[in-house]
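Starting off, we have a lone chain in the form predicted on its own, written out as structure tokens.
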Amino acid sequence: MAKGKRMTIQEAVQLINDGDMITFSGFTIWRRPMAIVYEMVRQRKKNLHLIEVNSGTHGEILIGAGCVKVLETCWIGHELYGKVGANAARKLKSGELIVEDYSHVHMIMRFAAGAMGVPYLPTRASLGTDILNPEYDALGKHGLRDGSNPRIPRRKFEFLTDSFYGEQGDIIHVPAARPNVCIAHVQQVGEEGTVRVYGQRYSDAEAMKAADRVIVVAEEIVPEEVIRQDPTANLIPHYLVDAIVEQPWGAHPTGCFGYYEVDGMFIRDFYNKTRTQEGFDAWAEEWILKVNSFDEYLYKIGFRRLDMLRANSSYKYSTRVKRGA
């Protein structure tokens, strides 16, 4: 196969510039491109503007490592394996991180608007809540809505009335999300970039379409003529993708439906050890900075642990993971 869009993890991360607005595929602790995240820390990316529907373990790692300057999301944490992100909270309190808070549905609408190529979408969601309180416009208070950055809207929200039917009450205009880069982890990608996702797709299509550049990490790269035989199963076409990377287990410790489970023990250990900056630095030294590649990281995790997480091909989930404990 000609190289084309195919890259190594190291080459793909070089497409991400310091100061870029970035977003990711997946949902909290599912299908996050962790192989790319670890390499971003190794390459010491900085001043990133992370914008997501919600964030998780991957965001906590980038924030703890000092890669992120601005976070726009509705939530960050590790679901049942840890409370709301300790690294984000610590950096926010110290003034090292600016956090802009939107509701979940607002973030979905922002990415939908970005994917559609329109500047905003209307909604009535969150009326009467402090989500809309101008006192909590963090980007505005930091002087970042002055129009100098074309990725940041000049207003957090706009309030208008209905000019079509004359309905009473405010209509909220939610600004589009316009990231520089979307980094996605998926189950399969074609040689030219056609993306296939099994299981829940979350807001992946909107995130990819809203971004200027798309990097796709896949469990496997498959022949393009094969993946196109069932076009209804594919998420986005090849021409929207700029780089593809084949990395089995590349979402670990988050899960990848049909391939492996979330490594809850690993995430819980990360949460417990990184509540302080000293704890995070020690964890990052062990699991990222002293590990030269993702393959070396997987070797460190060990075959037995990975095999326990591996999904049964019929059930699509692991029959070896103890649940409910």
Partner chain sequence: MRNNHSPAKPGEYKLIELLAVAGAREIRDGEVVFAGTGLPMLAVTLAQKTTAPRASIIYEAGSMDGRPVHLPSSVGDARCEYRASVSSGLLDVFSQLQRGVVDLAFLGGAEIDRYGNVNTTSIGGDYFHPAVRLTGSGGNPDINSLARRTVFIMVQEKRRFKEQVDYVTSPGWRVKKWPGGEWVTRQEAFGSVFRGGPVAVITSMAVFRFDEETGEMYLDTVHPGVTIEDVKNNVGFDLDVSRCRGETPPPTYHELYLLRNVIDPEGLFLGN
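Positions refer to the first chain, counted from 1. On a predicted model such as this, the values are computed, not experimentally measured, just so you know.
The same protein also has a form predicted together with its partner chain, omitted here; what follows describes it.
In the model of the complex, at least one heavy atom of E261 sits within 4.5 Å of a heavy atom of its partner chain. In the model of the complex, no heavy atom of W249 sits within 4.5 Å of its partner chain.
Among heavy atoms of V37, none comes within 4.5 Å of its partner chain in the model of the complex. Contact annotation: T129 falls within 4.5 Å of its partner chain in the model of the complex, judged by heavy atom distances. None of 41-49, 286-294, 61-69, 22-30 except one has non-hydrogen atoms within 4.5 angstroms of its partner chain in the model of the complex; the exception is 22-30.
If you take 229-247 and check each residue for a heavy atom within 4.5 Å of its partner chain in the model of the complex, you get Q229, P231, T232, N234, L235, I236, P237, H238, Y239, L240, in sequence order.
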